Each structure stands twice: as structure tokens, then as C-alpha cells.
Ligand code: KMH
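The chain below stands alone, shown as C-alpha cells; this is the form predicted alone.
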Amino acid sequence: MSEKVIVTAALTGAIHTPTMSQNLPITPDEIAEEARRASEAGATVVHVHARDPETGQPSADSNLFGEILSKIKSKCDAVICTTTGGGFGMTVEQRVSVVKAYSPELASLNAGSLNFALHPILGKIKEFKHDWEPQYLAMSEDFIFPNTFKTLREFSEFFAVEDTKPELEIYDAGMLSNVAYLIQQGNIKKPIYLQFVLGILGGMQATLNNLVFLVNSAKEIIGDDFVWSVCAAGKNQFKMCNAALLMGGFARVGLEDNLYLEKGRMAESSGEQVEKIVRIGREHGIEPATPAEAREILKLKGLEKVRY
């Protein structure tokens, strides 16, 4: 069990819509302020998506990303992990454009295709703030999140050119075999960083048995030359993150994954969730890594080599 762990704050994401929480950060200023608060609470990494400042719809606009990244950099020295998952309907080129334009230290790389379904949420909300929200959720009933071997190779090549470390998003067990294949082909190099994403309808659900199985499977398929983290959708967030800490892994919290701090109480910010998981970690004698320590753990190129 590591005594220093990487705590990631996923600040806004592309899953929740503005109707679901008034605390969801939308504008570049709001996202940057969330990053500052999360960093001060103990977050080592902040995971970033962009949204249209007027409507809150997930966006791949390069200028928006540039504004968000530069504003976060001016407020804290946390490692910034940019998304290449994007939002529903975005092209591969749109999704990877942030890596090509800004050369971040760390970016997500989704390790396989899956049915990524949010449409059951429609039955829980009667009225939306924006017209795009119900349409966006409804389209997920017939949506496959595409990450083919061709695009995995292409993404890996873009990452390699920029010396951007991939955070490999694992939604299901078969994706570990995809990662092993990419390693075998020389598309990605060890040591690698795995993020187990649990609780999405279409992927593996957030149970302790599934997490143990994924970690053991990674050791069998990939070897020991990796570090890993877990994030879990909704109510299972803190249970799974606590389990990860006890198993020697890292933890991701934030409003992208869960809008609540505890049952019946919505989180005011991702920073509030970071405070909670840091406190839980300290109960186990585990401290959050500093950004400098995280850069060493993950073998990142350093903030001075980004383009923002």
C-alpha cells in the first residue's frame, strides 16, 4: 500500500448536464476556479473537459481548451489531464485536437469501444434548462463510444509525438487485452497508467469483486510495470475510491463522476469531494502526493514542456 497517492479531480466531464446540478462548472473561469479549489484540497491531477460557456454543452473547441488550460496553470501547479474522450458525437479528430494543439503532460486515452448509455436519466428529470440536454441524453441509447484499434494506434502516435503520457481508461476487462496489444506493437511504452472506470451502463459495474478482478487481470496480462487509479459513477464513488486506496491504487473523485458528497447532499464542488477522499486516506495513514511527486510517479515531461 502506497503512502503517497495521486488524487484526481474530474471537474466537469461530458456526462452531467446543467439541469442536474447548479454547481457544475461551465465557463473557463468556473472550471479554473474549481481546479484551484481542488488543488488546494489535495488534488494532484485535475481532469479537464470543455463546455460551451453559454449552454454548458460539451465542446471540443480548441480555443476554449486553451483558455481553460492557461487559466488553470495560472492558479495552481496541478497536473492537468485533458480529455480525448470528448462528448457524444465528436469526431476522433476533434477529440485528439487538444493534445495536438497544447501538448499536455497527461491526457486520457480510452482503451476500447463500448455502449456508453446515459438515457435512463431521462426518466428522472421532468424539465431541462436547455433544449440540447434531453436530445444529448436520448442519443446515448443508440450510441457506441468508438475506440477502434486503428484510432488507438493513431491516438498513441499523437501522444508519442507530444510526449504526452496516456491515462488509459479501462471500462471493461477486454480493454486490458487491447492495452497489452498496444504495448506489444510498440504503440505505448511501459510503465503505463491505468484508470479503471466503473459504473457506466455498458461497462463493468462498480463492485469490489470487479475491481479486484481488473487489478489482478492487469498483473497477469501486462505485468507489474503499471500504476492504477479508479473512478466510479454516482453513489459508488467513495466506496470504490476507498477500496482503491486500501489496495495500493489511486483515486479519482469530482463532479464529472458523481454530483453528491453523501446520500441526500449534493457536492458544492469537486474540491469538497477531494477533501473527503483525502480525509479518508489519512485515516489509513495515506497522504496525497504533491504535483511534483505525481510527475515523478507518472514519469511526466514537466509543466515547462506544455504549450499553454
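Predicted, not measured: the structure shown is a model, and the values here were computed from it. Start at 1 with the first residue shown and count on from there.
There is also a form predicted in complex with the named molecule; it is not shown, and the following applies to it.
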Decide if the three candidate residues Glu105, Glu157 and Leu300 all line the named molecule in the predicted complex, where lining means a heavy atom within 4.5 Å. no
Candidate from Phe149, Phe213, Phe88, Phe226 lying within 4.5 Å of the named molecule in the predicted complex - any heavy atom: Phe88
Among Leu24, Ala14, Ile286, Ala289, just one has a heavy atom within 4.5 Å of the named molecule in the predicted complex, namely Ala14
Among 67-75, 178-186, 109-117, 216-224, the stretch whose residues bring a heavy atom within 4.5 Å of the named molecule in the predicted complex is 109-117
Report yes if any heavy atom of Gln237 sits within 4.5 Å of a heavy atom of the named molecule in the predicted complex; otherwise report no. no
Looking at the partner-bound form in the predicted complex, is Glu133 within 4.5 Å of the named molecule by any heavy atom? no
Quick check on Tyr171: any heavy atom within 4.5 Å of the named molecule in the predicted complex? yes
Does at least one non-hydrogen atom of Phe145 fall within 4.5 angstroms of the named molecule in the predicted complex? yes
Since the partner is left out here, which residues of 65-85 would have a heavy atom within 4.5 Å of the named molecule in the predicted complex? Thr83, Thr84, Gly85
